[in-house]
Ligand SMILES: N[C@@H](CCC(=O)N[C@@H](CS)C(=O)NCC(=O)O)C(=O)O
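Okay, here we've got a single chain as C-alpha cells, the form predicted alone, with questions on binding and movement later.
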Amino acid sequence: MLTLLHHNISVCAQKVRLALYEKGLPWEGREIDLMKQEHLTPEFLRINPKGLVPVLIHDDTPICESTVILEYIEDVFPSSPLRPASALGKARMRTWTKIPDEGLHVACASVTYASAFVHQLRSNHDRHEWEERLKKLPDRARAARQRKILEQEFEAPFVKDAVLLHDKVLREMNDALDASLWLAGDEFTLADIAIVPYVTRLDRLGLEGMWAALPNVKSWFDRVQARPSFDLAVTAFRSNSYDDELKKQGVDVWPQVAALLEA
C-alpha cells in the first residue's frame, strides 16, 4: 500500500503525484497543511525530521526526498517505466533530476516567498508570530533566507540570483529540446517530471514571460499540460488546501523580473 503525505502546491509533492499517475499506481493521500504548520508537529517530525513533504509510506516504511522517491517508485514498480532503457538515456535523465536538488528548488522557494508568501505572512502574522514560525524550522539556512525576504522582499540579493538561475535552466531546456521531444529523449521521463513543477510555479506566479522567447520550452509546457497526469496531479489539487494561483495572492513582480533579465 502506498500513502503519500503531501501538500497541494508543494513542487516536490507534485513531482511524486505526477509519477504515481503516469504509472497508474493506486495510492492514498494525506494532505499536510503547511500553512497550519502541520509539517512541524512532533508527529510529522518523527516521520521526517527535516519537516518536509512529500513522504511516501510504502507498507509502513517512510521514504523521504522527492528525487529519491521517484527512483524508489521506478525500482519497486518497473511497469510503465519513466526511466530510459539505455545507460546513456538514464544519465541524461539524471542530469535533469539533480538540477532541483543542486539549487533550483531553493531558488524556487526564494522567488515564491518574495512574490507571494511574504505578503501573506505580513497580512496574517505580526513580527513575533513570524519569529516563532521561523524558530520551528529545522533547516536554519532556510529560516535565515525567509527572514531576509521578510525584511527586504524582492530586493534580497539572493532573490535576483534565484531569478537568473531559473532563466539559465529555461535556456538549457530550450537548447536540449532542439534535439528531442522531451528533456532526456523522445519519451516522457523522470527528467520532465523533475522540472514540470518549477515551470508550473513560475506560471502560477505570473512569470510565464520568462519563456516567451523560448519556443521549445513553450511547446514542451503545452505538451506537459496536455498529459492526463498533469490534470490529475496538479490541476485537480489547485485549491485543495491552498489556492495555487499565487499571482493573485502576492504582488506583480514581473516588471522587476523583466528588467533583471534585460540587464
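All residue numbers refer to positions in the sequence shown, first residue = 1. What you are looking at is a predicted structure, and each value in this text was computed from that prediction instead of being measured.
In what follows, reference is made to the form predicted in complex with this ligand, a form of this protein that is not presented.
Chemist: With heavy atoms only and a cut-off of 4.5 Å, decide whether Lys98 touches this ligand in the model of the complex.
Modeler: Close contact is absent here: in the model of the complex, Lys98 is far from this ligand, nothing within 4.5 Å, heavy atoms only.
Chemist: Is Leu137 close enough to touch this ligand in the model of the complex, meaning at least one heavy atom pair within 4.5 Å?
Modeler: It does: once this ligand is placed as it appears in the model of the complex, Leu137 has a heavy atom within 4.5 Å of it.
Chemist: So, in the model of the complex, is Arg204 in contact with this ligand at a 4.5 angstroms heavy atom limit?
Modeler: It does not: once this ligand is placed as it appears in the model of the complex, Arg204 has no heavy atom within 4.5 Å of it.
Chemist: Decide whether Arg133 counts as a contact residue for this ligand in the model of the complex under a heavy atom distance cut-off of 4.5 Å.
Modeler: Contact check for Arg133: yes, within 4.5 Å of this ligand in the model of the complex.
Chemist: Among Lys90, His119, Lys168, Arg142, which has any heavy atom within 4.5 Å of this ligand in the model of the complex?
Modeler: Looking at Lys90, His119, Lys168, Arg142 one by one, just Arg142 meets the 4.5 Å heavy-atom criterion.
Chemist: Tell me which of 182-190, 142-150, 155-163, 81-89 has residues with heavy atoms within 4.5 angstroms of this ligand in the model of the complex?
Modeler: That would be stretch 142-150.
Chemist: Since the partner is left out here, which residues of 27-46 would have a heavy atom within 4.5 Å of this ligand in the model of the complex?
Modeler: Result: Leu34, His39.
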